[in-house]
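A single chain, nothing else alongside it, follows as structure tokens in the form predicted on its own.
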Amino acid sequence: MARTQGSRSDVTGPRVEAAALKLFARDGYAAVSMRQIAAEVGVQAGALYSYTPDKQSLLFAMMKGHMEDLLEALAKLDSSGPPPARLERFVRFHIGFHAARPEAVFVSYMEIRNLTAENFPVIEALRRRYETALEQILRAGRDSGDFAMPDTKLAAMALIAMLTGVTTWFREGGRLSLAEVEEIYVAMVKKAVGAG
């Protein structure tokens, strides 16, 4: 089927991903059809296959892109200094990065169950890399005596879940600014890891 007149792959491709992200976040992956995505973009359903082979490929691409963007941004974060300073930077980074992308975060966490057996391990490995970055900070803090916790892996997963939860309720212009939320969460995280 011919491409809709006036559409361009460099423009329409990102619009397809944006439409799919919006619909997956609102209605859930299983409930969204390729026809709905096409209607949201304003192209014929058959034209979508110029941009993606199928709905699973679209989900995988957006989840992989989200995790790669997260890891790329994390790599730029200052990793020097004592563990408490590194932990504070990680907390602020995590909240700031995720608060700017609530739909992508929601889809990445809630729709991982809909990945195929082939795609799931790829996303899981990327997530593990991110979790490991926090766990290394926690382990360094435990080893230095700055933190007190029995299990750094469990603590890392619990903290990530707590920090990611900000995306479900935080709204710009609400009672607290993002900077205020970060301050409160830094204090809570320090207490959670037994920082003195």
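We number the residues from 1 along the sequence you see. Remember, it's a predicted structure, so these values are computed and weren't measured experimentally.
Not on display, but discussed next: the form predicted together with a further copy of the same chain.
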Would you check, heavy atoms only and a 4.5 Å threshold, whether Arg26 touches a further copy of the same chain in the predicted complex?
yes
So, in the predicted complex, is Gly42 in contact with a further copy of the same chain at a 4.5 angstroms heavy atom limit?
no
With the cut-off set at 4.5 Å between non-hydrogen atoms, does Met34 touch a further copy of the same chain in the predicted complex?
no
Taking the shortest heavy atom distance, is Lys153 within 4.5 Å of a further copy of the same chain in the predicted complex?
yes
Is every one of Phe106, Met110 and Gly165 in contact with a further copy of the same chain in the predicted complex, taking contact as a heavy atom within 4.5 Å?
yes
Select from 158-191 the residues with a non-hydrogen atom within 4.5 Å of a further copy of the same chain in the predicted complex and write them out in sequence order.
Ala158, Ala161, Met162, Gly165, Trp169, Arg175, Leu176, Val181, Ile184, Tyr185, Met188, Lys191
